[in-house]
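Just the one chain here, the form predicted alone, laid out as structure tokens.
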């Protein structure tokens, strides 16, 4: 289906398509070069609706109070149990060790929403929704135009990942001002350096503030583009073999490329989870860098000192 939909273009699944407005839109024609509605916009809306529906469904299965005995405290359904395990792991093993008690409770809803939204977008990109629409348009409707109103990987669009990074950047800076104040925020930028080093340190620190969210956006974008491009290239091997070697080449090379594409699909599923986790985790790390830490370290030092004082001298 990849070949039917995109021909010799391996980037078909990662390039956005204009639906209304822009150049060569699917619906109508406008004089504007700026798209009003694109396929990735619709896909993001679908991903947001699926994320909200999934979380509300899981919340209704996790809540206690139904049933009798121990069943009151058991999550109902295998899918809800899986999501609960993922949430508990992210909270206890990734977010809480970085943010501590107070900030974990404060930012947990945002970080979990970020993780699951990116994850749903990544997984939607693995489902051949665009291919099915192209097949329907070509075989059933009889249209020669390659149209698709939703599908593809929204997170393979740099504008999408950049928008997510901007949201994270704004939240990080708001937290920094609330946690440190303006004076503490400026002190964080200078790091206690003498005044004559400020002309060097301030530009470097400001660049670092912008580079951190930019790295989040570029990492997610690059991984999604690379994975889908590789899968499309594997699908094209059979067609190239048929053009050069005939039917025998199509059968032999096509069989090998299908096996490789299946293996890469499992790798892409792993990358979908991994990149959602990395985006969420690094956001938590950047939030933590703008938080007070001396109180926690002081308590740990006092606890260690107390334990040391209780050891009898020999």
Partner chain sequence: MVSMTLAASEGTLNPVAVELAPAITTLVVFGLVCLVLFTKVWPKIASGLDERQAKIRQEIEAAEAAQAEARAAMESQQAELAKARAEANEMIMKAKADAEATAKELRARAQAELTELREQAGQQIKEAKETAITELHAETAMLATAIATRILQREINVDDQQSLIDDSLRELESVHGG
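Quick caveat, the model's predicted, so the values are computed rather than measured. Positions refer to the first chain, counted from 1.
Here the subject shifts to the form predicted in complex with the partner chain, a form of this protein not shown in this document.
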Output flag, 18, 44 and 48 jointly within 4.5 Å of the partner chain in the model of the complex, heavy atom basis: yes
Answer for residue 36 alone: is it within 4.5 Å of the partner chain in the model of the complex, judged on heavy atom distances? yes
Can you check whether residue 169 is within 4.5 Å of the partner chain in the model of the complex, heavy atom basis? no
Is residue 72 close enough to touch the partner chain in the model of the complex, meaning at least one heavy atom pair within 4.5 Å? yes
Contact of residue 103 with the partner chain in the model of the complex (heavy atom, 4.5 Å): no
Stretch in contact, per heavy atom within 4.5 angstroms of the partner chain in the model of the complex, of 111-119, 198-206, 176-184, 95-103: 111-119
So the partner chain isn't shown here. In the model of the complex, which residue out of 126, 226, 189, 87 has a non-hydrogen atom within 4.5 Å of it? 87
With the partner chain left out of view, which of 285, 267, 274, 55 would have a heavy atom within 4.5 Å of it in the model of the complex? 55
Residue by residue through 174-193, which ones have a non-hydrogen atom no more than 4.5 angstroms from the partner chain in the model of the complex? none
